[in-house]
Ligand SMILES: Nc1nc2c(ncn2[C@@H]2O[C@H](COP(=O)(O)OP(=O)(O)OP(=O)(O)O)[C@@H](O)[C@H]2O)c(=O)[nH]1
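Taking the form predicted alone, here's one chain by itself in structure tokens.
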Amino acid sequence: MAKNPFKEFYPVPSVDELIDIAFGRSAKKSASIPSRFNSVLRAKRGEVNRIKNVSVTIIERIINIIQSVPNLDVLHPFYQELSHLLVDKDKLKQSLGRLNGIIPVLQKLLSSQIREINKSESSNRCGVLRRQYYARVASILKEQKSTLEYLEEARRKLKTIPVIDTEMPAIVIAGYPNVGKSSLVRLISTAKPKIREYPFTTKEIIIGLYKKSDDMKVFQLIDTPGILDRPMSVRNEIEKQAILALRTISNIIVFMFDPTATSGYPIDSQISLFNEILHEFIEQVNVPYLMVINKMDLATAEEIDYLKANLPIDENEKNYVITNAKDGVNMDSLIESIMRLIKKHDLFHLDLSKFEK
């Protein structure tokens, strides 16, 4: 099941928010003091309870934050690659270390202030010591202002990473814009594709599940606008690094072509992009691929023949499908081809016999 490794990253309050939460909670949680105690003893008990509540509240919140941040080094490579693009791993560790470092400081300050309060001889002195404690705690927290801000910024960024089911075959769709990729994902996904913000482009990642039934999810289709839809020469460094992340989850590449002029991209440019993807994914990390010649309703025989003549077509391997994604023509053949590749390459050792006709 797809799980967001950053979902539990605890929201990081600002310094002022943390101070307000802690001091406000201490006032509300002050335990009642028995009336039989004299005024000084009651003041001591009351002020000790208050500063203890402040300390517990802050330390619990800090521990929650620290423990909720996943170790980036042990995540699936997909999340490792993308998280390293968004946040500085070393700076994240240092920030967590600095935040953790104030816990013993707060504990030591609490113990010291409790002793001072217990030695007090007047109610007023107890109140003064409590206020001094508040001031020192606030000062300690304010020194962590930039640390808290960085951690919250990191949390917001990391939560934008799209959730991929790393235990399910991932079919990554590539090709120029307007060749029919989104139509394909929407058409053969039995569930409405999930559209998520992708942090490396101005567009969105589209994830669709192909399911045989509600409880039989077979594979996921992933369309990544802005990543695998133009030549490497026009991609920025972040997008190039994002390709490395996609390589870690790409089990099959489906490259779509539009042999007509309707997409706005010449067929030779599409073939050139295909060869780049071939190099980045197939040749370097040995990802199997399938070619889809789309818009068969608009293409002439000559356009299709030209495209086939310039592609590594293998009739024996049946490594291509001619379709019309808009109207759903030959979608069964496409799904069969994908299933054949999944079975041939034993992707995640899935038992696919139940899906065979």
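Computed from a prediction, not measured in an experiment: that's the story for all the values here. One-based numbering along the sequence shown.
A second form of this protein, the form predicted together with the ligand, is not displayed here; the remarks below concern that form.
In short, of 235 to 243, 107 to 115, 67 to 75, 176 to 184 it is 176 to 184 that has heavy atoms within 4.5 Å of the ligand in the predicted bound form. Put simply, T323 is close to the ligand in the predicted bound form: some heavy atom of it is within 4.5 Å. Contact check for D297: a heavy atom falls within 4.5 Å of the ligand in the predicted bound form. Residues of 238 to 271 include none with a non-hydrogen atom no more than 4.5 angstroms from the ligand in the predicted bound form.
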